[in-house]
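Next comes just one chain, in C-alpha cells: the form predicted alone.
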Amino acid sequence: MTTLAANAPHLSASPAELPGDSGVWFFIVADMCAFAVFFLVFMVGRAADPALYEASRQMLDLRFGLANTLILLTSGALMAQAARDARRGAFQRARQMMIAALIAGLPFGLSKALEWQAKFAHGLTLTTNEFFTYYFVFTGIHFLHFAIGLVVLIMLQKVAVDDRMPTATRLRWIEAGGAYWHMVDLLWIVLFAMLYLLRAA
C-alpha cells in the first residue's frame, strides 16, 4: 500500500492554482472589495473632520486592539500549520492544529465583548458620533466573520479525519478554510491600524 508520505507531493495545488476552493476565493475577493469601500468611506469622513476622529480614536484602548491582533495572528499561524500538515497527508496532525487554532482564537471573542462592554459603560454607542458609528459597525461585521470562522474550524476538524472523503477533497476544504481564516486576520489588522493607530490630526 502506498504510504501517505509517498502521496504527499500529489496533495499540493499546482503553482498556477490557488489553494482551496475557487468559490471560497470568489467570496473572499468580493468580501475584501466590500471592506475596501467601507474603509474608503471611513477615510473620507476622517478627512472631513479630523479633530473628531482623532479625539474619538484616543478613547479606544490600544491594549485591547493589540491583544486582539496577537490572538488572531497566533491562531492564523496554527491554521497555516494545519494546512501544511494536510498537504503532507498528516490529517490527524492537521486536525490537532485546527483544534489549537480554534482554542487560540476563542479569546478574541471574549476580548472584543469586554471592549464593547467598556465602551457602553462609558456611554459610547453606535450613535455617539460618526467615528463610533463606523467603529461599532466595522468591528461588528468583522466579529460576524470571526464567528463564522469558528464554525468553519469546527467543521473542518471532522473533514480532516473523514476517511470516506477523498484525500484531495479534504485538502481542498482545509486550504479553503485556512484562506477564509487568514482573511479574518487580515481584515482585523487593517481595522486595528485604521481605528487604533492612524492619527487623524
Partner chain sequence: MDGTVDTRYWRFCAWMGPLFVLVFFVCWGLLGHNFPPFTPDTPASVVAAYFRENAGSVRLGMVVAMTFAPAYGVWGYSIAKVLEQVIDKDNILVQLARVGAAWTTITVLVPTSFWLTAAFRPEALPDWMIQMLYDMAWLLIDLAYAVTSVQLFALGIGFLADKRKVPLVPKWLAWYGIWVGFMFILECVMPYFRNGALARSGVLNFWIEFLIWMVWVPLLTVYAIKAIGRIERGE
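Residue numbers count along the first chain shown, from 1. As the structure is a computational prediction, the values presented were derived from the model and not from experiment.
Not on display, but discussed next: the form predicted in complex with its partner chain.
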Task: The single option of L126, A80, L106, A90 touching its partner chain in the predicted bound form, heavy atom within 4.5 Å - done: L126
- [ ] Tell me, out of V41, I154, V161, L66, which residue has a non-hydrogen atom within 4.5 angstroms of its partner chain in the predicted bound form.
- [x] V41
Open item on the list: Checking a candidate spot here: are M59, D61 and L198 all in contact with its partner chain in the predicted bound form (at least one heavy atom each within 4.5 Å)?
Closed with: no
Task: Touches its partner chain in the predicted bound form: T133 (any heavy atom, 4.5 Å) - done: yes
Task: Proximity of V24 to its partner chain in the predicted bound form, heavy atoms at 4.5 Å - done: yes
TODO: Would you check, heavy atoms only and a 4.5 Å threshold, whether D49 touches its partner chain in the predicted bound form?
DONE: no
TODO: Would you check, heavy atoms only and a 4.5 Å threshold, whether R170 touches its partner chain in the predicted bound form?
DONE: no
- [ ] Scan 67-100 and note down the residues that get a heavy atom within 4.5 Å of its partner chain in the predicted bound form; none is a fine answer too.
- [x] none
